[in-house]
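Quick heads-up: it's one chain on its own, the form predicted alone, in structure tokens.
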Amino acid sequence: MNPLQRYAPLVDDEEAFLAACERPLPSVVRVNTIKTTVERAREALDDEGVAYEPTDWHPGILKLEESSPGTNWPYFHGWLHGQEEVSALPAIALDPQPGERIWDTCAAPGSKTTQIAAMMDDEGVLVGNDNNLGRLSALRHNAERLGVTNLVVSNQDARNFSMKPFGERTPEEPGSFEQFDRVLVDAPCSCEGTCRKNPDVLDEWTMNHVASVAGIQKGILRRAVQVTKPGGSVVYSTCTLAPEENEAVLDFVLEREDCEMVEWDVPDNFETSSGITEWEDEEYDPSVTKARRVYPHQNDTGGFFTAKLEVNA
């Protein structure tokens, strides 16, 4: 069975949903405001004769008519970065500020990490962690190309992330801290939401994998809450539509950690759906409706899930 058919009861138009999942994704780039402005980037594309269309919900995200965004000089110079449109949502929900201390738990290859750095004006401390050493080279490469200088790269299992490298200095030393202001958990998942660019994920999908990766997600999200300061924010996101990996993970952590779901400002002109409180034989905390689901037919994107938690003071 096509795993996407599991979600027919959740969507408003099953036919449109399934049809959208079969179409290839548009080619999209994000303007890197560390190196340039949206206006200069657009002018550069115009000068190069590269056709593009701004999205109607974010001025710095552009849809290109050509399918290879890395073949123009603004991209070579780090003015642009190829990033799936919907994957810009987690950083927007996180709302990072210049000078803060932020942890990206599963950072490689770095699209969301470098977006966070740009929103921080490249100021503060941004820890980009990944447990896959091989993928960290892509994170470093992207950070260097885009001019990110506030990034610290670490190679740990996020479920057991140690704060010792950051807090073992004396308190008066610059750079010493024991908690983060904000954390992004863009968790490893079963990835059905990426089927428009990688159809093989549907053939490889199994419930056993969903159950296995959900255990990892719960561990990472719990650790994220534990190392975030009171009043700080944790954003949880996946590119799957499976409630077992989304609302169920939130429900698990809400029951065990001192945190709560909060609303976040979804951009105007971007359609989303609420999180769900029931799935098959399971019921979830009512507050998970504050999470946002994105189905491919709503905005011509991939499938996605984003939720925001606040750590209680």
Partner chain sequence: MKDETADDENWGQQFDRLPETAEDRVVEGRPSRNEVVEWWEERFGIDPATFDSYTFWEKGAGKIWAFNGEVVDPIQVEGLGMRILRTRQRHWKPSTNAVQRFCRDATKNVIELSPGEAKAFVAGHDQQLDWWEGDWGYLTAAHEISGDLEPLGVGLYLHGELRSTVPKGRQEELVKLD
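Residue numbers count along the first chain shown, from 1. Computed from a predicted model, the values in this text were never measured in an experiment.
Not pictured, yet referred to below: the form predicted in complex with the partner chain.
Only one listed stretch (82-90, 201-209, 229-237, 121-129) carries heavy atoms within 4.5 Å of the partner chain in the model of the complex, and that stretch is 121-129.
Contact check at 4.5 Å (heavy atoms) against the partner chain in the model of the complex: none of V28, T272 and G275 pass. The single contact residue among E282, D47, D56, E65, judged by any heavy atom lying within 4.5 Å of the partner chain in the model of the complex, is D47. With the partner omitted from this view, the residue of V225, V148, A158, A214 that lies near the partner chain in the model of the complex is V148 [heavy atom within 4.5 Å]. Interface residue remark: K197 is not counted as part of the site for the partner chain in the model of the complex, having no heavy atom within 4.5 Å. With a 4.5 Å cutoff on heavy atoms, G167 counts as touching the partner chain in the model of the complex. Using a 4.5 angstroms threshold between heavy atoms, E178 stays clear of the partner chain in the model of the complex. Using a 4.5 angstroms limit between non-hydrogen atoms, V253 is distant from the partner chain in the model of the complex. For the partner-free chain shown, L133, L136, R140, H141, E144, R145, G147, V148, T149, N150, L151, V152, V153, S154, N155 of 126-158 come within 4.5 angstroms of the partner chain in the model of the complex, judged by any non-hydrogen atom.
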